[in-house]
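As C-alpha cells, one chain now follows by itself in the form predicted alone.
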Amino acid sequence: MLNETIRTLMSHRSIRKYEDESLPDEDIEKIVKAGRQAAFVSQMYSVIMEREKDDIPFGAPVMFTICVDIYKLEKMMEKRDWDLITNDLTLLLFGIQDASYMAQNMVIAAESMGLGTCYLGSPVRTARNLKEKYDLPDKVFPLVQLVVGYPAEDPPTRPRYPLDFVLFEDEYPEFSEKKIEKAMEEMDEGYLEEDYYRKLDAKISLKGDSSDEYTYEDYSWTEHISRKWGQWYDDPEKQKEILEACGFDLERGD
C-alpha cells in the first residue's frame, strides 16, 4: 500500500494552466521552508520569487527562480578569513546538486498541498537576462524556474521508462536491441495515447532541407528527444560564455 508521500510523488504532472487565484504568503513560506530542509552539500542555493503575472507563464500566480549561489559561500568564508580556492567547475557541480534538491523538495511540498507545478529549464540559456533582471551578483547562476499555483487542468501522469531500463544491480548492463526497443515503445505508446505533442503543438522542426515524414499521428517522445539533442546546442563555447557572464571561470586552475 502506498503512503501519502509516495502517492504524491507518483501523481506528479506538469501543470500548464492555472486558476486566476493568488497564493497566500503562508503557503509560499511552507513551500520554501520545505525546500530548505532538503539534503545539501553546502547550501549553495538561493531562490528569487516573482509575482508579476505578466512575466509568469501559464497564468500561474508565483514563479520561483532557483539559483546556484556561490556568492554567499564566498562572503561567509571571508568572515572566517578563508579564501575560496576550489575551482568554479567543481563548485558549480556541487551547487547544482544543492539547488536541485531544494527545487524538488519545493515541488513535492507544493503538490502535497494540492497545488500544481511546472519546471522551466530555460534559465540555463537565458541566465544573462535573468542576471540583469534580478540584479544577481557574480557567482550566482539561475539554474531552473518553477511556477506554482492552483491547477486549472487535470492532465494524466506522463509515461516513464520501464524500471528495468533505469535500475541496475551491481553494474551497468549491456543493453540488447530488444530492451532498447521495448523502452522506446513504452514511452512512445504512452505519449501517443495521451496525444501529448498534438495538444501542445510541440513538434520540433527539422533543420536544413530535410523533409519531415512525421505527423502528430506518429510523432512521439523518442523522436522529440532525438530532434532536441540531435540538433540543438552543439557548441559548448556558447554555454561557457553564459556561465562566464554570471561570474564563473571554468578555466581557472593552479
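This one's a predicted model, so the numbers in the text were calculated from it and none came from an experiment. The first residue of the sequence shown is number 1, and the count goes up from there.
As for the form predicted in complex with a further copy of the same chain, it is not shown, yet the points below apply to it.
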What I'd like checked is whether E29, V47 and I108 together line a further copy of the same chain in the predicted complex, meaning each has a non-hydrogen atom within 4.5 Å of it. yes
May I ask you to check whether V140 falls inside a 4.5 Å heavy atom distance of a further copy of the same chain in the predicted complex? yes
With heavy atoms only and a cut-off of 4.5 Å, decide whether R128 touches a further copy of the same chain in the predicted complex. no
So, in the predicted complex, is P155 in contact with a further copy of the same chain at a 4.5 angstroms heavy atom limit? no
T215 versus a further copy of the same chain, in the predicted complex: is there a non-hydrogen atom within 4.5 Å? no
Note that a further copy of the same chain is not shown here; using its position in the predicted complex, name the residues of 93-129 with a heavy atom within 4.5 Å of it, in sequence order. L93, F94, I96, Q97, S100, Y101, M102, A103, Q104, N105, I108, A109, S112, M113, Y119, G121, V124, R125
